[in-house]
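Taking the form predicted alone, here's one chain by itself in structure tokens.
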Amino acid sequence: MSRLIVGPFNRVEGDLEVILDVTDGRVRAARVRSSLYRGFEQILQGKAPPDALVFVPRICGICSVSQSAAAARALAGAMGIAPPANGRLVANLIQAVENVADHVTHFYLFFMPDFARPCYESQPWWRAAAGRFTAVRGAAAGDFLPARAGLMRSMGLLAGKWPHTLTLQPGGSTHPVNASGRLRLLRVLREFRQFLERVLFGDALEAVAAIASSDELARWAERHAESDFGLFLRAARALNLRALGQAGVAFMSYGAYEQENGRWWPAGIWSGGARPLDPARIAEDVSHAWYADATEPLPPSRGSTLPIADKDAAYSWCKAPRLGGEAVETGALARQLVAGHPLVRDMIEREGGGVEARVVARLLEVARLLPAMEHWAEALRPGEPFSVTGELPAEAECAGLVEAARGSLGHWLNIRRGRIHNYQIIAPTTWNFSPRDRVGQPGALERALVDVPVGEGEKSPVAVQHVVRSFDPCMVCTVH
């Protein structure tokens, strides 16, 4: 057996190393190390509760809105208020813009450049992939970056600025959209739809969202082979990426996008079938993380973050969150499974949840979200309230659970004597990239890396890169 340390990774947000035990050209065990300590949870202690809305967006520069949304929801729970219809719609739009931008940025700039590597030069699709996705020089970036910049103009219309907006508040949005702004927003969404339909998919978004099975997806890929999604599917099938990187754990979603009654994509667990989610069963294990041990895994509402940099048996600053003792996977694949999309459920039931399924679910989500965003924009009613106000109690304990692009994000807020007594955050990558827990149970990525091939002489194995990037990690969100 040999040991291989892969990292630090490029094209990953934050600091990441993967320690691999390799035997006979296969990974036999993996340990995922998040090597940068942040400290946001300690920073927030003693602050006035509304200050969380200033601090938490700065956890991350690419998914700051999701952090804002979770904090606003926790504060709204403490205050016992809910946004009016306009505030709910604007919050959905702001979160959806960021999530769509993150999904497409991941595809074009973080994930697909690996398919332009010289190791794939013998593949029939390689020349097209190299021409489109070679880092810096590929033609795809020239198509994508202006389209992304155009989409982000909507953040100015909806949130005043991005990142680190203060528009999202417990009672809704402080940035009302007038009639002119609504029309400009619809134009921005229409222009981004044109990019998606012309370049990414080569087909109408509604047609992509209606694909209902793996067989239908294969036929669609043959008809749209020249699109960027079609090119990915050709490469994925040639490399059998459906079988690569399967974690074999349950999938979890907190549910996303508030409607008048419930959430558009519901909360739940999928493990061979749907079951309800009970957030009270969430607990954090720190046995293999550089933090002071508790006598048992603690629920986030009672959790602590006390760093010990030289702790024996620890190898990561990432905690190990568990749901009823189970490791889970979260992200677009989990959301679409729990929401019941037939294509994703068919892929999981027939092929399992590997690299291909994660990327397909992410782009399927884009195809589903853009039409919903157009509907939400059309439903805005300029002149009607966008927010309400409320009073913060001196004592409260609440949680804000949202879905960021990368999966389930939770903020747990404890207020005592009018100040933040405790604030605990579990980000999506904390779930997916967690270390082992006290019974030795690995997290989702550590499981997904087992049996991944490592070629002779490979110092940064391409298959490992595919698996890691298929989760779209955000390491700066992982540790606080």
Partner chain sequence: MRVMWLQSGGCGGCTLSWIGGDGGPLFATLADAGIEIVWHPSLSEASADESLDILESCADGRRDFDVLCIEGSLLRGPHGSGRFHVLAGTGRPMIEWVKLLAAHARHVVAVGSCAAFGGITAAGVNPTDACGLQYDGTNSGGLLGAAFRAGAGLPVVNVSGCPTHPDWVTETLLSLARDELHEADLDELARPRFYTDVLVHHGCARNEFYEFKASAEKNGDQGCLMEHLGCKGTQAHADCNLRPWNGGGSCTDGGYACISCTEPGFEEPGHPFTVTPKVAGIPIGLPLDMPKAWFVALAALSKSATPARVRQNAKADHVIRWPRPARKP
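Positions refer to the first chain, counted from 1. Just so you know, these numbers come straight off a predicted model, no measurement behind them.
As for the form predicted together with its partner chain, it is not shown, yet the points below apply to it.
- Proximity to its partner chain in the model of the complex, taken as a non-hydrogen atom within 4.5 angstroms, holds for one residue of 240, 194, 122, 389, which is 389.
- Residue-level contacts in the model of the complex: of 248, 276, 325, 118, one residue has a heavy atom within 4.5 Å of its partner chain, and it is 118.
- Contact check for residue 466: no non-hydrogen atom falls within 4.5 Å of its partner chain in the model of the complex.
- With a 4.5 Å cutoff on heavy atoms, residue 21 does not count as touching its partner chain in the model of the complex; it lies far away.
- Taking the partner from elsewhere, residue 455 is found to have every heavy atom lying beyond 4.5 Å of its partner chain in the model of the complex.
- At a distance threshold of 4.5 angstroms between non-hydrogen atoms, residue 62 is in contact with its partner chain in the model of the complex.
- If you check its partner chain in the model of the complex, you find no heavy atom from any of 83, 231 and 354 within 4.5 Å.
- With the partner left out here, its partner chain still marks one of 168 to 176, 197 to 205, 220 to 228, 251 to 259 in the model of the complex; by a 4.5 Å heavy atom cut-off that stretch is 168 to 176.
- Shown here without its partner chain, the chain has 459, 460, 465 in 437 to 468 lying with a heavy atom within 4.5 Å of that partner in the model of the complex.
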